[in-house]
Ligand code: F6P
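Only one chain is given next, in structure tokens, and it is the form predicted alone.
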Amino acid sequence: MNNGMKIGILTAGGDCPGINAAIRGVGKTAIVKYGMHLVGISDGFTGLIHKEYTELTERDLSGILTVGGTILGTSREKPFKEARKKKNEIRKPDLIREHYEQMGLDCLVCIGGNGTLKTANLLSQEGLNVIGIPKTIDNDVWGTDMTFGFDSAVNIAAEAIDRLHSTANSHKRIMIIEVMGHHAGWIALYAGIAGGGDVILIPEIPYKEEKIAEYLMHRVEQNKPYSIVVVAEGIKNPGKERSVAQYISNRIYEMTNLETRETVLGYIQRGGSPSPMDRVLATRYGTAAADLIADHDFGKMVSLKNNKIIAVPLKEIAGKLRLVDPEDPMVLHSINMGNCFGS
């Protein structure tokens, strides 16, 4: 029944480790198990708008499991974003639907984060058969326990924190490291705990500068002459400094006179080969997506719940964020061990 089905697949939004593993999981399952055809769409939704794609064979998917980035390319194109159109210009969603039909697609697989999945839901409402796969290092997609890319980013951030310990100890300094996370503090929380951070600041828990200063001075009084401060990029930054790490560093020095240095980890967190955990999770998501297509169960996002892969309706997850609960056991355990969240 599924022989001859034609799947389009695209990757949109920011790159992250594990995307190629997901592409491989979808493609190999679709081709080998179901005898389907696979079409790789270039550069996210831009490729659908301009009808830029290539046929992918099983051989094309060999050797990409461990490769970072995406073989399809990506973009941050938002086809439903309102923009002034020229006279007689076709709406981007209409172009996408037209090209979807011209390409003879039976389903479109969208690999991405919150913005991508929101667009996927809107395309589903436009009548396209769509399946979503959640990826982002921020781990903030609602409806799943974990996105692939997160574990790799935490590994990178934790290793960076490990390396800062020796410098902080040698010079008796306060070292501030800024990690990614505009709205969600999952990377800062996990990497901060894994790397032995003393202060962890995340967007979900408002901080008080005085609490941080008191905590750091108390450590000095306890003959703990250095400290590691892990901050998510999305925490409050009322200053004019270029980064929130620099703001926190300046305020700590002003309030304590302790020597401080800051490091912004930046895009390093999104690059490189995926961790084994992310390779496995992305593969599980990809194979589950192919199974949903074979069952004609469209309009869904594959999801991890209690270590089981399930399907969640796209309409239920679109526009929502999975944030850190201030009462999350990870937060409470960390506080019980003597760490500070600035509250």
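Owing to the predicted nature of the structure, the values given are computational and were not obtained by experimental measurement. Each residue number is its position in the shown sequence, starting from 1.
One more form of this protein should be noted, the form predicted together with this ligand, which is absent from this view; the next part is about it.
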item	value
Within 4.5 Å of this ligand in the model of the complex, all of Ile176, Glu209 and Arg251 (non-hydrogen atom)	no
Answer option from Arg91, His218, Arg76, Lys172, heavy atom within 4.5 Å of this ligand in the model of the complex	Arg76
Candidate from Asp198, Asp151, Asp138, Glu262 lying within 4.5 Å of this ligand in the model of the complex - any heavy atom	Asp138
Proximity to this ligand in the model of the complex (heavy atom, within 4.5 Å), stretch among 159-167, 92-100, 180-188, 120-128	180-188
In the model of the complex, residues of 206-233 near this ligand [heavy atom within 4.5 Å]	Glu233
